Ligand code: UGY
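Just the one chain here, the form predicted on its own, laid out as structure tokens.
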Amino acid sequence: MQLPFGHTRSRISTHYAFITPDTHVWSTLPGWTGSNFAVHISPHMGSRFTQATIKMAPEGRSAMPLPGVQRFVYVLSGAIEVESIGLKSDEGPLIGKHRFESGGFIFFPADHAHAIRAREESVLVLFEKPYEPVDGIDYPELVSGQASDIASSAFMGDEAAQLKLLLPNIPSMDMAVNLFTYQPGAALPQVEIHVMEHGLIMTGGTGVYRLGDDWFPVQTGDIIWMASYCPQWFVAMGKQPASYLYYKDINRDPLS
């Protein structure tokens, strides 16, 4: 439904942001060619990470993250080619160029040299976060895969709410990226309030999200930031499953 002039569903507050596609503003970033960015979440709004959507033209090419910054890329549509040393698979280390299509993902540890090239018109989700090293814990390794190959599990025993962990929950990892799918009517079992912050993009379906004391109808393409301790809750609505890809920070002492 088209909104009247000057209106939007988007809302920004000090402890959450709800950002809809009609308010996206696209720009370029240094070193990226054939690529346009909509930076949705960044430290400028108070977050400790960055989330963006990237539209890449065929043969568009990436730049490296800033020093000390780790990067997670998820392919919403299209196909990319990643050039990396030490790309992992079940068969062991792979060296060279490897293709990722819709649902493909890759995590690059901080300062891991790589290049991303679009093989066709592509849309990517990007999460970046400065790595927080801990004495006695090794840095994480590169991780890649296909979301459809990742086994899901019932969230807190609810078979109608299935969670896929795209990154391993191990001490070296200080960030998680998960894919959550709800059958119509399924919901989080409680209002959550926690120290972790979230960034998410709705990848399918519709529902209602509680953020703080506000309630928002949400649909595919909507973006949400939840600061630490923001009350949050979700229920899937409509006749189709609802899904979202989301980031959170993990495995670090808040006092560090």
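Source: prediction; values computed, not measured. The first residue of the sequence shown is number 1, and the count goes up from there.
Keep in mind the form predicted in complex with the ligand is missing from the figure; the text below concerns it.
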Problem - Candidate site 37, 74 and 121: all three near the ligand in the model of the complex by heavy atom within 4.5 Å - result: no
Handout entry: Partner-proximal stretch of 135 to 143, 74 to 82, 175 to 183, 113 to 121 relative to the ligand in the model of the complex, 4.5 angstroms, heavy atom
Key = 175 to 183
Exercise for the section: Evaluate residue 105 for contact with the ligand in the model of the complex, applying a 4.5 angstroms cut-off between non-hydrogen atoms, and reply yes or no. Expected result: no
Exercise for the section: Look up in the model of the complex whether residue 248 has a non-hydrogen atom within 4.5 angstroms of the ligand, and give yes or no. Expected result: yes
Exercise for the section: Check whether residue 188 has any heavy atom within 4.5 Å of a heavy atom of the ligand in the model of the complex, and answer yes or no. Expected result: yes
Handout entry: Distance check, residue 155 to the ligand in the model of the complex, heavy atom within 4.5 Å
Key = yes
Exercise for the section: May I ask you to choose, among 226, 218, 56, 41, the residue with a heavy atom within 4.5 Å of the ligand in the model of the complex? Expected result: 226
Handout entry: in the model of the complex, residues of 189 to 214 near the ligand [heavy atom within 4.5 Å]
Key = 192, 194, 198, 209
